[in-house]
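Just the one chain here, laid out as structure tokens, in the form predicted alone.
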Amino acid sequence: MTPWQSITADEMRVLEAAFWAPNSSRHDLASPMGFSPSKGKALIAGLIDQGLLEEAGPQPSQGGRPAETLRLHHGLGLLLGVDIGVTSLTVAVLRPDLTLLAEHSEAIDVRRQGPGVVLARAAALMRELLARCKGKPAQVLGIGVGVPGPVNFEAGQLVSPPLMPDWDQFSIRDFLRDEYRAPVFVDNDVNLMALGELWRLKRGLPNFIVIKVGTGIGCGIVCHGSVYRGATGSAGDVGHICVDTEGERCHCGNRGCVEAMAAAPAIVRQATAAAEAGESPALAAVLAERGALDAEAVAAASRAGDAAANRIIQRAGHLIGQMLASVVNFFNPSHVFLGGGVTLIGPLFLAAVRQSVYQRSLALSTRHLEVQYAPLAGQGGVVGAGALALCETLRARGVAP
């Protein structure tokens, strides 16, 4: 039974507001909901008495008596966040206010390792990190899991994921439920990045998108202050938007998908060809030394002024910007946040994306548009997983779906 299972609807609204606007005052929490000052104070006092909210010290004075800062009580329990990428696994333990207590990342390959292997490793890391925090499974309030593919959100299952066919319809919930009584929620990894940014922004931006560029390319959509998943959970699968009808064959079977043309494998493939053709001495030297290239090597060559590396990175940025221009014209977001491993390439990639977006989008769509790297960067996935776990556990009152 969760600590908030028996609270009233109004108390739940205040508790949710405290999550989305951490370190707020009593007035900041109660006023936007239209409660009278007396009712707002009574609701907050009741939540403090129940151990759901706590005072965390005075705020900076605005001229009078400083207001007290409120937050979700640190003794409520713990959240577990799991961010599964195509080539990486990150697990974290978080407080209900999304303070990161412990985190671990390591390399995996979901294309070669099945769900049993990857999830067994994730479960082992969850145990290790909980022990490091002196936490116990019974303290876990909820678990959020991000996976790189389309997800049936209600069922918590991947549906025909192109990069990881062995995971199709596999019940991640059932696998983790054997060890934890807490509810488990599963979503697309980029949706979780979008949810993490939404929490960072305290829901201050109602309409924006997050693009993840790594082994694949995906998009998380925030519309009217909520993550938009679409009718069947596949909203934001922008990696298969065509940018060249005569382009490379994609693993989906079509030609010219932006994922096949500009994601990390495409960048590495083009860099390897440039090295073998003698177009880049820097890349050729790395290839000879290591036997293979990766996106990080291409980025290093670019920063050193290698012309071939610069050309490859600019081309990838332009193609992604070409795809994004269609999305911007259609959705008209206020911000585009870029995340994922390829974004570590640096400013040249970002500049190429921006140039292509602004050049190809309608003037009205880009008049106030900002395109930038995601501020949460590599932690966006686990922060979003924690946010998913807390929000959905609140909504479900702690009852496992």
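In case it trips you up, residue 1 is the first one in the sequence shown, and so on. Keep in mind the model is a prediction, meaning the values are calculated, not measured.
Form predicted in complex with a further copy of the same chain: not shown, discussed below.
- The three residues L100, Q113 and V213 each lack any heavy atom within 4.5 Å of a further copy of the same chain in the predicted bound form.
- Checking 130-138, 279-287, 78-86, 250-258 against a further copy of the same chain in the predicted bound form, the stretch whose residues place heavy atoms within 4.5 Å of it is 250-258.
- Proximity to a further copy of the same chain in the predicted bound form, defined as a heavy atom within 4.5 Å, singles out one entry of T272, S226, Q314, S171, which is S226.
- For the residues D306, D187, D237, E197, the 4.5 Å heavy atom test against a further copy of the same chain in the predicted bound form is passed only by D237.
- With a 4.5 Å cutoff on heavy atoms, G341 does not count as touching a further copy of the same chain in the predicted bound form; it lies far away.
- The shortest heavy atom separation between I209 and a further copy of the same chain in the predicted bound form is within 4.5 Å.
- Proximity of R367 to a further copy of the same chain in the predicted bound form: non-hydrogen atoms within 4.5 Å are present.
- Residue contact check for F331: one or more of its heavy atoms lie within 4.5 Å of a further copy of the same chain in the predicted bound form.
- Residues D237, V238, H240, I241, C242, V243, T245 are the members of 237-252 with a non-hydrogen atom no more than 4.5 angstroms from a further copy of the same chain in the predicted bound form.
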